[in-house]
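One protein chain, two forms: both are listed below as structure tokens, the first as structure 1 and the second as structure 2.
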Structure 1
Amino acid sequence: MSVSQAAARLAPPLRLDRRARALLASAGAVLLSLVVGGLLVVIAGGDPVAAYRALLDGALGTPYGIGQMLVLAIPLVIIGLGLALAFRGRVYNIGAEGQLFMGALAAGVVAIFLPVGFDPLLIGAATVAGVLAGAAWGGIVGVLRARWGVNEVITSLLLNFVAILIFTYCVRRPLRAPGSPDLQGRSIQPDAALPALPDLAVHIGVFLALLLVPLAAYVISRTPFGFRVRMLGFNAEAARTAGVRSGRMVVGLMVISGGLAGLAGGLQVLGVAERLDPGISQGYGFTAIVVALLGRLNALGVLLAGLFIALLQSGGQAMSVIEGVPYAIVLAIPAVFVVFLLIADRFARGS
């Protein structure tokens, strides 16, 4: 037996499978990003160890801090699941922020005006309205690409601004709270507010976000629809040859991801702001792209990535206040994650 043959026999057991390489790539990206974040803290004149300790204490040190971290994680996880599904099919939805605002607007209108005195029915109707509005806004992008081949990255990105302007106009004019400043929208009916968990101060939408994780994992890995999505993402031409209707799949993926973004917007109105407020989003639709990529388009990975980014955002405020670290550094760390993740992914695929 030659040396090359012996090496070939020994190589397979030594090679990590694809999932293990992906996991190591993500872990390496996180580690390197934390190192770079620490270097930025040093450059800003701070102590990186103390800064990260303050970050953890701020996010996890008290029940209230944990609750606030979960509040931030809910929209990131829900939107991230929809984007992960769309990205798997190579449908690049960059318009989740606008879909969130359209969902928030629809849910808020229902929660303000629907004359229903039964809490679950009112909450359910407002939530469904948010999902449908986000799905419709995302469906516009899907139809444009499926029917006329218009690039979904451009259309979804530009529709963000249209949606935010529509929301802002409605808050300033027809849905402005009586006697309040221009940017103060109407409050929802008390019956439409989502109950909060004791001590944690997080609304019950957290259970919906957790429920969607195994549901999304099942759809992606165990259903014919998920198989067609993976096929479309792997090779669109081969998928069409196999009978996959790519146009319908594109529209479907945009509708699903838009609907989940609309759901996140509705939950923000019903469970956080309890009114139509232009400040309901801290860029969740854009940050969820980072969550989907950091989670490697995997449902469980999206959950972990969403919690991680929420921990950074929640604890970063404490780090900034206690240690005097510029908050811009905290905002820069997720962007560094993406850079290292893409680099690590390239090495993982090439190994």
Structure 2
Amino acid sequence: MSVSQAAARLAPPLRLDRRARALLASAGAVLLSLVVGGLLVVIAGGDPVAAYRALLDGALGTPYGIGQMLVLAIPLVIIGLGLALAFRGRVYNIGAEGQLFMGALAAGVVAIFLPVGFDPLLIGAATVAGVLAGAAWGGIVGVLRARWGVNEVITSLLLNFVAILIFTYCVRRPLRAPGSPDLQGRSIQPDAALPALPDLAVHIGVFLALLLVPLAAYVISRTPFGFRVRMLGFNAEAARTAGVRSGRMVVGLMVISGGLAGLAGGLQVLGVAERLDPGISQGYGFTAIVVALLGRLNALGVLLAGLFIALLQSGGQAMSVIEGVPYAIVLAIPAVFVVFLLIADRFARGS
């Protein structure tokens, strides 16, 4: 009996249940990404410990910082929920960015022009307009796929560019802010601006996002619609045999995910920019894809993933400002983090 065999006998191989393994693996992932991120900071000539402290201080250190993080998390979570639902039904909508801009445009037009003196009505009408516009823009993709089998990945991707061009045209010509030297649209009526919470300075859309999480969870797990979505995702052929009308489902999923992206766009206009401005989003519709997948297409997961990405991004900006770490490096750190988490997750599930 060799030494190693003896040792193996004395100490049987560590048997951990999956949950514990998941915990361990994630801890490893967090450590590893901290190390890699720290290395990037060192290469950039910074102090990694101070940089990480700045990251957390910036994102969570003050009420205003937390509010700013939430402002970023709101669109990510709202869009992520819609995408999670669509992806579950194997409808790969990667046009959320365009749907967001169409929603923003519609909400903005209502908020600029609709002559009602009553805030809730004006805000409600603008929000609904945003949802409808996003839903319609997504619906085009759904109909093309359902009616003729046109691949939704390419149509939704290309319609992003078209939507952004339409938006750009509107803020450049008919809806440009008087006097602006650049691409900036008109301000919305003061009545249409979403109220903000004191201290946090985050607009009340945050409640809407929080409300949508359990709602989405309920729809996915407890409704006939959610059941059909899950069936489609599990086995499209079997679902069809069982009488699920996949065409209608595809249109439905595109309309819902588009509508939520449109809602996010509307909130950006009403709550963040308070005008039609190309700055309402910088690829939020794409980041939300990562949020949906990282959240494992599950409503609670999307909420956590959205908060997590927002934490990394807003904290990262603080890190760059406070510690002078180049913003370019900050861009890369969340990506490293996410990849390590996925790897850990893979090991946790056993190979």
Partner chain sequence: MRRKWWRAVPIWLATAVLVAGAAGCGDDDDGAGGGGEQAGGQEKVKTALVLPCATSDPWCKQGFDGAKALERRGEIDLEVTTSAPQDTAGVTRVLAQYAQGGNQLLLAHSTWQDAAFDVAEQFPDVNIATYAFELRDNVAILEEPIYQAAYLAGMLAGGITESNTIGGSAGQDVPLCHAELEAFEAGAKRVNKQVKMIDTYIGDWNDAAKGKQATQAQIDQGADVVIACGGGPATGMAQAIKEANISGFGYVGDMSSQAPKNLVGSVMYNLEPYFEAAVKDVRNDSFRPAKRYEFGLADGGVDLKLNDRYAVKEIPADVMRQMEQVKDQIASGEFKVPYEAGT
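Residue 1 is the first residue of structure 1, and the numbers go on in sequence order from there. Predicted model only: the values in this text are computed from it and were never measured. Take the two forms, find the largest set of C-alpha atoms that superpose within 1.5 Å, and that set is the rigid core.
> Could you point me to the form predicted alone, 1 or 2?
It is structure 1; that copy is the form predicted alone.
> Core superposed first: is there a CA shift of 2 Å or greater at residue 61 between the two structures?
Where the cores coincide, residue 61 shows only a C-alpha shift between the two structures that is less than 2 Å.
> How about residue 325 - superposed on the rigid core, does its CA move between the two structures by 2 Å or more?
After core superposition, the C-alpha of residue 325 moves 2 Å or more between the two structures.
> Has the Cα of residue 70 moved 2 Å or more between the two structures, judged after a core fit?
No, residue 70 moves less than 2 Å.
> Where the core is superposed, what shift in Å does the CA of residue 335 undergo between the two structures?
Its alpha carbon moves by 3.5 Å.
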